[in-house]
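Only one chain is included here, represented as structure tokens and corresponding to the form predicted alone.
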């Protein structure tokens, strides 16, 4: 029987044991609506307040400046759309946004929606061959009517880390907000809003060992939001709708555990990442590694291979017991090349992303490389034959 190895932590981090226990404990409390004054509601409110305080402390904001969402995508959408519409409500005439070309699709589509439906101007800043923006290039795009810049911290496909602190200083000079998509970084790289220089920070619990379908948006003093979900005044009027208090409690415990174990986990992942980068080109010819060696996310390694269908490669590796991701040009769902790799000017064909966790071993990666080499040989023989 094939022993499965999970090498897709950038998409889904297995639930941490502490989070699983906290989730089960919360469900056993028979929680009610935290807005209600009866006992079940008070239990829920107390648990929600403690979870919010714990999470806010890790990311460096006040309790009242944390907004719980259904995940990273909603947090991003609220940051992009909510800040723009809040400015409109205040009578602010600014209608210009800046994003990088390698943002997550949640950022790009929200920004395009503002452009297409509300008349915003949108500047898209390119990246170098490692996937990194030039902060001076971002600064050069800022205008008197720039309302916000949206820039991820660590790229979800190649692991490039962006210079958010330098971009933040440029934003402050013109009075623009900086939203940082930190979904791949919170709980993994020891970040706070202050360290990033950001006005808003979006995060996903499923990326650091909490429950999927839970996320948050952290706000700095300059940030203002217009809610995108309306119907009540929950969360200080910033996001309507019920909160899954048990999941939020588990997310807070997961983030605390991640923060506690950060140094050990990050070191182990960095060793694994560098080992994989060093050996990958040795096992197969005509392979291009993506992203920087240094100043990179500790767990993400990506490569493309000539003469290979990326989805077929992922399927072959899955059969061999390895869960990895492909953003290749042959992706069956879209038929489009990875916009991140296109922006980098990189090889898009046969793209595979490996994202390691703290328990991923060197032995796991060597076995992955053996399976990868065999799969590539087989697929190339099929193409050439």
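Residue numbers count along the first chain shown, from 1. The structure presented is a predicted model; accordingly, all values stated were derived computationally and were not measured.
If you look for the form predicted together with a small molecule, you will not find it shown, but the lines that follow are about it.
Undergrad: Please name which of the stretches 143-151, 108-116, 200-208, 274-282 has residues with heavy atoms lying within 4.5 Å of the small molecule in the model of the complex.
TA: So the stretch in question is 200-208.
Undergrad: Name the residue from 315, 172, 228, 73 that puts a heavy atom within 4.5 Å of the small molecule in the model of the complex.
TA: Exactly one residue meets the criterion: 73.
Undergrad: If you check in the model of the complex, is residue 104 within 4.5 Å of the small molecule, heavy atoms only?
TA: Yes, contact at 4.5 Å.
Undergrad: With heavy atoms only and a cut-off of 4.5 Å, decide whether residue 290 touches the small molecule in the model of the complex.
TA: No, residue 290 sits far enough from the small molecule in the model of the complex that none of its heavy atoms falls within 4.5 Å.
Undergrad: Is there any non-hydrogen atom of residue 100 lying within 4.5 Å of the small molecule in the model of the complex?
TA: Residue 100: no contact with the small molecule in the model of the complex.
Undergrad: Should residue 254 be classed as touching the small molecule in the model of the complex when contacts are defined as heavy atoms within 4.5 Å?
TA: Contact with the small molecule, no.
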